[in-house]
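Heads up, the chain below is alone and in the form predicted on its own; it's given as structure tokens.
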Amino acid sequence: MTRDDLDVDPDELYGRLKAYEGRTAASGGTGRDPVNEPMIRHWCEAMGDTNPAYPAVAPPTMLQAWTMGGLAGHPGGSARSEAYDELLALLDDVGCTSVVATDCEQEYPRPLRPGDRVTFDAVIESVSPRKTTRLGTGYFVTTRMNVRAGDGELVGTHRFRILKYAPARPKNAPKPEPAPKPGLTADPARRPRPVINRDNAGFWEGVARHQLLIQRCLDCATPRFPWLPGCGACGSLRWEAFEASGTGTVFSYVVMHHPPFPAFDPPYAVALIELAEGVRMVSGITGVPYDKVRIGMPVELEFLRVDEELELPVFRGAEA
């Protein structure tokens, strides 16, 4: 059971939210790069798309790729409007601090071709009435982006919908403490909490006992991780949990430099570990400097206490 966590007048709030409909969400946006064949080839390889029409034209579903600013942002600064930032801040202020993308719709009047220079603008198309979902109570916000080629011709329309919501909490659960006010700093050592639900609760119960538990299908014996309600190989819903040996190797890894987060101290390595049981999991690496992590490095499971409440499975590597 969940309940509505928004302690505000719904009619008064909805009137304020509706006032943002029709206002600019982004203006004067310019694509960082012209439409180009190398990016089209990379996209097609990643998607497995062998259509012979490419790269003479760009796949229509690349539409949004040409408008993304990346970590450096858009040329000349952000294209996002103050009105859109105000709308999101208003939802944050009433407790809708979480966000999830729900769906998008695209229209393609004509294909983009190598050499096209993309510009775009966006409008806040609609804000829904208050909705209660399994995630929590909040509002659906839809923006409509018009994408144009350098000559001003409309080449695509992208409608993007998000849900800004207050996370649901169990009935009769204590209300969470409010977020720190601007100027106040939360405990910088506190790591983000894992999301625990009915599908993965058994895994975290095992972690509390210093066990790394993996699922195994009772019909085809396929092991799986992360925990899921059904088998990806045969579809069976019957499974059992068993304890992993804790040995494995580094299958792949990245060194995190950006973005910085107060609970972490970059640079640090995050690895995809291939366990002896044949499944893979993402984990932190301990015991070796970040620049000594290597693909194929053998690792051993250990449990790292990061604060008074949270303990995590990590893997200790050994320098060659």
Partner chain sequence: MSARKPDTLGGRAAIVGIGATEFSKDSGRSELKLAVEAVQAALDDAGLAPADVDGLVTFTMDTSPEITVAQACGIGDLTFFSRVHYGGGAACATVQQAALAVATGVAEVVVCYRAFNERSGRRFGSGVEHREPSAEGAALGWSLPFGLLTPASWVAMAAQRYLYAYGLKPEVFGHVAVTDRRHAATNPAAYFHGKPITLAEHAASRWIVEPLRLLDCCQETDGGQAIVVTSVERARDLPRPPAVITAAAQGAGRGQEQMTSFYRDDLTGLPEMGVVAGQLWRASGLTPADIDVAILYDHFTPFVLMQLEEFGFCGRGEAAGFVAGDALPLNTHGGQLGEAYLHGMNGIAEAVRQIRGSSVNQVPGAARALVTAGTGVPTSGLLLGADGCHARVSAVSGRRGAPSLVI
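Numbering follows the first chain given and starts at 1. This one's a predicted model, so the numbers in the text were calculated from it and none came from an experiment. Heads up, when I say rigid core I mean the largest set of C-alphas that superpose within 1.5 Å between the two forms.
The next section is about a form of this same protein that is not shown, the form predicted in complex with its partner chain.
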Interface check vs its partner chain in the predicted bound form: of I196, A208, A241, A89, the one with a heavy atom inside 4.5 Å is I196
Check C231 for me: does it contact its partner chain in the predicted bound form (non-hydrogen atoms, 4.5 angstroms)?
yes
May I ask you to state whether F203 is within 4.5 Å of its partner chain in the predicted bound form, using heavy atom distances?
yes
When the contact criterion is heavy atoms within 4.5 Å, does S27 count as touching its partner chain in the predicted bound form?
no
Examine C220 and determine whether its closest non-hydrogen atom to its partner chain in the predicted bound form is within 4.5 angstroms.
no
Look at the stretches 146-154, 133-141, 81-89, 118-126 and give the one with heavy atoms within 4.5 Å of its partner chain in the predicted bound form.
133-141
Considering only 291-306, what residues come within 4.5 Å of its partner chain in the predicted bound form, judged by heavy atoms?
I295
With both forms fit on the core, is the shift of the CA atom of F160 between the shown form and the other one 2 Å or larger?
no
Rigid core fitted, then: does R305 show a CA shift of 2 angstroms or greater between the shown form and the other one?
yes
Aligned on the rigid core, do the two forms place the Cα of T61 2 Å or more apart, comparing between the shown form and the other one?
no
